[in-house]
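First, one chain by itself in structure tokens, the form predicted on its own.
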């Protein structure tokens, strides 16, 4: 470490749990944050300020007013600019630590691109908003033997679990199948910002143990907590299940499913359209749509109002159609205004 780094991280490297050697490892490490929402924005903030040398931010969504209550890196101006979350988060984080290499990936994580987005990494942090993304993350992590930290929070409750492939239980060991019933979301059940912050902070603590070279300190358990009532619980996750479909039998169901197309978004009145990597000329499209409705555009995304719907388009051809939960309606609007 140089003199500036020694001063910047002095309160952290003095901790016996990390030390100077651990701080050096952090500076040389690479972490990936999946999702820039309530969990991911806190995770990314803490990792950048802790001195993790390189961070990748992955998020498919854009900033909305309802995010500002619990997603720490965003401001009202980001809503007005229709900023993608990953890009807006990267802007703030670079101001917090200019020596950290931060990459914003404004993309939907799919079976086709998951391995390229998630690896190589020394640790992956889960800030996703759905089980399909988590199982896909788990598949890639197990296949590439990359440690990751599961996390989820809604209402006043949350849970987390470190996964070290080959050593601990993976997500499929604990939850062999995704829940079949409708699960609560932030939109339907609310979210206490203290709860999402607490879970994300605990996730980062586990990640730092990996990144600074102290994996023996990991809590090898699925930990649950209710930040309001103070209730806590845990389940042993210290060993892989030999009958686990993923880490036991090597059946990477989510990674091998190449059929994903459109999907509703986390309880919202919105549908995402995946256009298979089709490139869009956003400036040209903005000019073409200007006479048909209100258009907002920036280098990262274009928002087009066609009441009662709204389309947010991304350079890779992806779109989020607001105002419907019907994939057929969303695809029809996409074809009408963007092309089939």
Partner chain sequence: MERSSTPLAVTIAVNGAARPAAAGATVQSLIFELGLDAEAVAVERNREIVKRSDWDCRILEDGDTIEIVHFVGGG
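Positions refer to the first chain, counted from 1. Since this is a predicted model, take the numbers as computed values, not measurements.
The following text describes the form predicted in complex with its partner chain, which does not appear among the structures shown.
Contact segment among 152-160, 113-121, 98-106, 210-218, judged by heavy atoms lying within 4.5 Å of its partner chain in the predicted bound form: Of the options, only 152-160 has residues within 4.5 Å of the partner.
Its partner chain in the predicted bound form: contacted by all of 39, 134 and 243, heavy atom 4.5 Å: Each of the three qualifies.
Any non-hydrogen atom of residue 80 within 4.5 angstroms of its partner chain in the predicted bound form: Taking the distances in the predicted bound form, the answer for residue 80 is no, it never comes within 4.5 Å of its partner chain.
Close approach of residue 171 to its partner chain in the predicted bound form, 4.5 Å, heavy atom: Taking the distances in the predicted bound form, the answer for residue 171 is yes, it comes within 4.5 Å of its partner chain.
Distance check, residue 222 to its partner chain in the predicted bound form, heavy atom within 4.5 Å: Judged by the heavy-atom cut-off of 4.5 Å, residue 222 is in contact with its partner chain in the predicted bound form.
Proximity of residue 233 to its partner chain in the predicted bound form, heavy atoms at 4.5 Å: Residue 233 belongs to the contact set for its partner chain.
Single option in 128, 164, 73, 87 placed near its partner chain in the predicted bound form, where near means a heavy atom within 4.5 Å: Looking at the other structure, the residue within range turns out to be 128.
Heavy atom within 4.5 Å of its partner chain in the predicted bound form - residue from 186, 192, 142, 93: Among 186, 192, 142, 93, a heavy atom within 4.5 Å of its partner chain in the predicted bound form occurs only for 186.
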